[in-house]
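In structure tokens, the next block holds one chain alone, the form predicted on its own.
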């Protein structure tokens, strides 16, 4: 049985363990040495895959295209070449119509070293996601790495058909350190890991319906969760967008006075909110389902 931690694995290890054995074929591999010209110009270390692995394979025999960001290289940040590889994969998905395109996100956002080139790259990723979805392609984001899913990639994840997270995953527009730098430690203490996870972590995002599938943090959990998301009906319609907007409006109304994740959980009716981090995933999901049904 496979129990490797998704959180601790590299991008290539995640791909190998998520997809069917021996099914992965890489596109634009490191042997092509497609590196960032901006990093070279700044005399900074480069990676021959520019921090993202893209290719094709199968999941439960169904064809998929997949991109996995390497959080160990510049925090998985998106630069010009990095973004172009993801955009190219999504454009290929529009042509080939796989069962799904999978984005294993592990990124702090835009690569500041590349400034506008990185910002443009993220905007192109978002546009490519929406274009592929409008063509009927299912795009699934999987979040559970050490770098989280922040900045522009946080927006990109929200644009996907479905989001799969582990409790260890974090999803937000601004990362903890960014909030602290901009507004001070009194507003958000980035060193308070419990605060970070109850504000941005997988369980919290699941309760707020930003996460569609919550899984255990091992590879088998992510593999099963992604497969389940592939089977769920997805649509990019005006009606679906209006339902999403109504949900966000309700959230703003209901939680406007909440100052902490525990306040949100208490408002939702969760018994003993302080115990949420201690609840095993299967028990948590059962209790969350009961709350939604009430």
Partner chain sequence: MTASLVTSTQGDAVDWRSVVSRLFPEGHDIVQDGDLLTGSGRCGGETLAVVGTIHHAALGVEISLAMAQYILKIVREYPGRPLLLLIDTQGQRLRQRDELLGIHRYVALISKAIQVARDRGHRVIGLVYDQGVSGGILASAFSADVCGALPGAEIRVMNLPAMARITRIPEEQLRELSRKSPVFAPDPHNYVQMGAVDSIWEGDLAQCLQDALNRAQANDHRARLALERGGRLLAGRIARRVADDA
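Quick caveat: nothing in here was measured; it's all calculated off a predicted structure. Positions refer to the first chain, counted from 1.
The protein also exists as the form predicted together with the partner chain; that form is not presented, and the subsequent description refers to it.
Undergrad: Residue 225 versus the partner chain, in the model of the complex: is there a non-hydrogen atom within 4.5 Å?
TA: Output for residue 225 is no: heavy atoms all beyond 4.5 Å of the partner chain.
Undergrad: Taking heavy atoms only, is residue 214 within 4.5 angstroms of the partner chain in the model of the complex?
TA: No.
Undergrad: Considering non-hydrogen atoms and a 4.5 Å limit, does the partner chain approach residue 167 in the model of the complex?
TA: Contact check for residue 167: no, nothing within 4.5 Å of the partner chain in the model of the complex.
Undergrad: Using a 4.5 Å heavy atom cut-off, state whether residue 194 contacts the partner chain in the model of the complex.
TA: Outside the cut-off, so no.
Undergrad: Do heavy atoms from each of 98, 140 and 286 fall within 4.5 Å of the partner chain in the model of the complex?
TA: No, none of 98, 140 and 286 comes within 4.5 Å of the partner chain in the model of the complex.
Undergrad: Pull the contact list for 224 to 256: residues with a heavy atom within 4.5 Å of the partner chain in the model of the complex, in sequence order.
TA: Residues within 4.5 Å: 236, 237, 238, 239, 241, 242, 244, 245, 247, 248, 249, 251, 252, 255, 256.
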